[in-house]
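Starting off, we have a lone chain in the form predicted on its own, written out as structure tokens.
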Amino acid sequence: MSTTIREKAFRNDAVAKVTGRAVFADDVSYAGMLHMAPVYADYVAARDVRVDVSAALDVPGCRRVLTAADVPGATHYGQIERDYPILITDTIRTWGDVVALTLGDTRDAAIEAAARVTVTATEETPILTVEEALDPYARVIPTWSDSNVVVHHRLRRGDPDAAFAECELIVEEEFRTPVVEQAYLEPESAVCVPRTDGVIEVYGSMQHPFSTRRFVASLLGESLANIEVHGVAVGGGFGGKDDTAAAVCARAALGALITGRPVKLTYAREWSIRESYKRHPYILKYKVGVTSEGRVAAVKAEMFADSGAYLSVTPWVTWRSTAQCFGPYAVDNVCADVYGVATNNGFNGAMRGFGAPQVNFAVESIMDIIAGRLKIHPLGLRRINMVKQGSTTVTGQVLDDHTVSIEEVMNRVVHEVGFRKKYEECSFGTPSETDSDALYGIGLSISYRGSSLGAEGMDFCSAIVNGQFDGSLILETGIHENGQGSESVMTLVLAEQLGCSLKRIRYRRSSTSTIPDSGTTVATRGTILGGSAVVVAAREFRQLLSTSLATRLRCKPEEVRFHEDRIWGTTFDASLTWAEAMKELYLQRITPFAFGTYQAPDVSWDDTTGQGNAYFTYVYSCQAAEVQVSRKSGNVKLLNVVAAHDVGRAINRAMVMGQMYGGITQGAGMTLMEEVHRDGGRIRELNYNRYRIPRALDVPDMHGIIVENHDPKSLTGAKGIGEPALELIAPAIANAVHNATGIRCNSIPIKIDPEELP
């Protein structure tokens, strides 16, 4: 990167990962373990499915083939609607449906047996586009709905129609965003072990152990208490290891329950891409009215998200699109309708950004379109319309209880990148005198992002601090480590709260039997919720120790202090080491243990109007991108990115920068190259030799700027960075490409036809 990260990074798992000793799901093995493989059928839509397993059972080493008939519980489950088939019964709704599972002594035996399972069915014509699904005569795909419209969110504010009549300019544009694969390095994997006490232990590559436990318990027909899910190291997720990963764990658990033996199911990349959910593709239609002064006076928006064959978290993804339907701008008159639509495509779910990247691409492109037509500088147009301290959002929320820093982050980027001067140097389709092939452009975008789940879910988290006799400390939280560094952040927070050495703290990766469910590690909620829960637990722990040790320290409980890796009274000679303190509590028969729960501030939402306090706080961001476009080939080269994000407080600064750079790289891939193609509903790009993601050579110079405005709603002052880093680079690049070529790209990935260039 163009800027050296001077801050020292802390990763509690660094040594294990660098030395290769970190244990991932596929590294887990047990004596007598069977291997499992999924069976797919080459149908995209079919009914009256019949499965013949006789040839598979003849394969040497094949122990059993499981079908829906072997399921003791429910064959279908889901986080919102229980429509996702862990094993299909009689209907195939998408090419990724699993019809059977083979169990073999070896992985090769299981795979060979899977290839010999015969599936026949009555094929149906698949519905593969939103337009087809919306046809009033189209076959209804969901079993639980009378329509292919599986969700409809509304936002109503003011009177857009009346406001349009008073506008100087009306802009109407349609935008499209693609299906995107999360592209995690490690495919889904699970190992399940039947214990002698009747509990099924699950070790899996997943984002949320508690969600996984619900999937497993439902399939097996067992109580939650009979399923214990253990977290292991996860090789990436980016939102993609929830439903599908949970189903993989449930299938392995089914095999373990039925055979009484440990079972491993590790996906090949082709299985993973075929079956796993992706980012929702969107169609976004906007009508925007603007006054002669550049004030956006009215907005009408209509969005359609392809949900695919199953609902998954489509209502939550599309809800965020609704709440943030016109970006970080204050508009008095807005009408937005956001739909999730069922098709026979593979189902779509969570991916980093969760409904915001699609909207930001459209809104920030529109702002540059408006600026060009009104001949207003794009920075000036944004300053006129952006939310400020005390502004009211499109959902009617007044931003007066935290620092609204959208102008601050934009100013930091504009200054750092030299935006005004470089904007004047843009080619706008005319090559420079020194290089007749190269067209140069710079573009910018801004965003705000509601922190945590907001009104779409419940935000709370728990943490445990457990003191040991020798003075060491064990920390647990309900936040799951997905590789992003959350364990390191929690450890840093506890060390700060207790004034102790990092070496004193051991972070214990929890199981579903050791700490309560604290929600999924999604929505950039890990640091703000987990860190706040650690603060609460640490406060309880300090109070316990202060009360118990005050006499020994010759002071009042409220005078006890924690710093320099010791516990202090009011005088220099009155202090205890942590080992001495723990021994003193032992002698008093007091357990040095604290449990803390943090509940996020209340939010509100009216489903009929889309009005309310959608989130309890917001992250503010700005990114600028410089590009060079070849007139001969149309190739877009990303030259430089400057990003500023108000993260509240950076607890682990080096890791914040890493999250910025990673998010920008992922977003650039979505903008310039990543796309899933389907032939009749069948995915073409089943591995990374065909699905293009950014290589090291594609990554530009990047400069990250950490902006810190301590957030009063967070007990650590921190908010987050995971998703904001990705969700606004696409329009920055699109705006830069326009300023280089004069061509406006309303669809991504961006493709420039050189014949259209001047």
Partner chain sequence: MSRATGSAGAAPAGQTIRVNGAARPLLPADAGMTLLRWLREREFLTGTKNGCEIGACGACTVLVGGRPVRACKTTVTDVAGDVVTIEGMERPDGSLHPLQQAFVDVGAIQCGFCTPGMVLAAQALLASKPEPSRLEIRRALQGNLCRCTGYQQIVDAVEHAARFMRDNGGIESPGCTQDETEGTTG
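Residue numbers count along the first chain shown, from 1. Owing to the predicted nature of the structure, the values given are computational and were not obtained by experimental measurement.
What follows is about the form predicted in complex with its partner chain, which we do not show.
**Q** Taking its partner chain as it sits in the predicted bound form, is Met351 near enough to touch it, meaning that at least one heavy atom pair lies within 4.5 angstroms?
**A** Met351: contacts its partner chain in the predicted bound form.
**Q** Determine whether any heavy atom of Thr665 comes within 4.5 Å of a heavy atom of its partner chain in the predicted bound form, and answer yes or no.
**A** Thr665 belongs to the contact set for its partner chain.
**Q** Would you classify Val707 as touching its partner chain in the predicted bound form, given a 4.5 Å non-hydrogen atom cut-off?
**A** No, Val707 sits far enough from its partner chain in the predicted bound form that none of its heavy atoms falls within 4.5 Å.
**Q** Does the 4.5 Å heavy atom contact test between Asn687 and its partner chain in the predicted bound form come out positive?
**A** Judged by the heavy-atom cut-off of 4.5 Å, Asn687 is in contact with its partner chain in the predicted bound form.
**Q** Name the stretch, out of 54-62, 727-735, 689-697, 708-716, where some heavy atom lies within 4.5 Å of its partner chain in the predicted bound form.
**A** So the stretch in question is 689-697.
**Q** So which of Gln182, Thr403, Ser546, Ser427 gets a non-hydrogen atom within 4.5 Å of its partner chain in the predicted bound form?
**A** Spelling it out, the residue with a heavy atom inside the cut-off is Gln182.
**Q** Would you mind picking the one in Val49, Ala68, Ala41, Met702 that has a heavy atom within 4.5 Å of its partner chain in the predicted bound form?
**A** Residue within 4.5 Å of the partner: Met702.
**Q** Even though the chain is shown alone, can you say which residues of 225-254 have a heavy atom within 4.5 Å of its partner chain in the predicted bound form?
**A** Heavy-atom contacts within 4.5 Å come from Val234, Gly235, Gly236, Phe238.
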